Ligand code: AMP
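In the form predicted on its own, a lone chain appears below as structure tokens.
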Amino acid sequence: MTQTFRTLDDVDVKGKRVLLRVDLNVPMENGRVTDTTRLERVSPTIAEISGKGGKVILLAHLGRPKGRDPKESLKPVADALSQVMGKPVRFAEDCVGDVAQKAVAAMKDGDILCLENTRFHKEEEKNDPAFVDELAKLGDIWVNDAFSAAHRAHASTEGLGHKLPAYAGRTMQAELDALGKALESPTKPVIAIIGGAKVSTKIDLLQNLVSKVDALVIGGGMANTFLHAQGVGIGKSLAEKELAATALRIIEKADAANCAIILPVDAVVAYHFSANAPSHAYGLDAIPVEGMILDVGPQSIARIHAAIDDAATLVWNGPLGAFEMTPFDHGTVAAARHAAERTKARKLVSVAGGGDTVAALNQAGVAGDFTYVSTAGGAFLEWMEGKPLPGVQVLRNR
């Protein structure tokens, strides 16, 4: 994605009311924020606008409330953000109307104000024009820094971009730059590692990738569906047998596009789906009838390492086995560490994303060694599927 979108470099924010859409959808327990990762991600953009004398007005949602719900209030999040920022973040009890207007009118240059959960109004998710107008009254410009919500065309994530001058925040900019390097204009050869339980949730993804990458590693429960489609006996393994024809079509499409599909050549099998269940590696011609494939085997790991060594760019989404249980995290952790080593040696650009993937990279202790790790689940997946994201489209230079 060549730089076709406007960023904070293209605007002077001093004295301006900046409506900043951020991702504050953080995990909460008993009214307290339990993980501040997302707050840390957005703090540089907030600090920059505030430091340049802009009035920072934060727009965000929390959870999926049906109307006003004190449990989904952003007030405790604003308090936690204030701790992360090391400066006060004021709070307004609503995001539109009198309360919001008074709070904004009281701001001085450099102040930070968090407005209440935009989803307390059902018009937010409907991208209702009258609601967009109400939000737009509060600001002079709109900055979108919430890539994770960019696949939704809501009032605060897309609608405002048609009403006010629109810019990408620094988090959004970093994400778009990283993703551009990975799939839009990558250094070839490109390899994708796609894992996870189900083919059904990733059909669009696989079909888009085979025309864009040089090699596609398929792991996790998804691989079992492909193996079954090719006539391999997979015992009692998790698989979507009804998708065998789809799997074969994807393999054909890959052949036509000159994309190598790399499936497991051996597997770690157990008889019970539980942590530390006795397990054994088998060749694909010898999977026990009563057994379940729970991870890729040692020969498959060696094959994946070789494929990573051949690549200049890696895109990763989804684990290679049942990584949430030892020892079935071995394949995922080994591949992640290998990719991290190649990245540190400057031989690989590595971009990973999706909830399970981030958890697996953290488990392997290498999330910080990848070129870029996207915390955006749905938006990352839709972007990888080649779908235009409304919250990004609206930022493009027109």
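Since we're looking at a predicted model, the values are computed, not measured. In case it trips you up, residue 1 is the first one in the sequence shown, and so on.
Just so it is clear, the following notes concern the form predicted together with this ligand, a form of the same protein that is not shown.
- This ligand is not shown here, and in the predicted bound form it never comes within 4.5 Å of any heavy atom of L216.
- Though the partner is left out of this view, F273 does reach within 4.5 Å of this ligand in the predicted bound form, counting heavy atoms only.
- At a distance threshold of 4.5 angstroms between non-hydrogen atoms, N224 is in contact with this ligand in the predicted bound form.
- Put simply, V143 is far from this ligand in the predicted bound form: not one heavy atom of it is within 4.5 Å.
- The listed set I308, M85, L243, A197 contains one residue whose heavy atoms approach this ligand in the predicted bound form to within 4.5 Å, identified as A197.
- Though this ligand is absent from this view, in the predicted bound form it lies within 4.5 Å of a heavy atom of just one residue from F147, Y167, F323, W316, which is F323.
- Shown alone, this chain has one stretch from 69-77, 291-299, 178-186, 255-263 that lies within 4.5 Å of this ligand in the predicted bound form by heavy atoms: 291-299.
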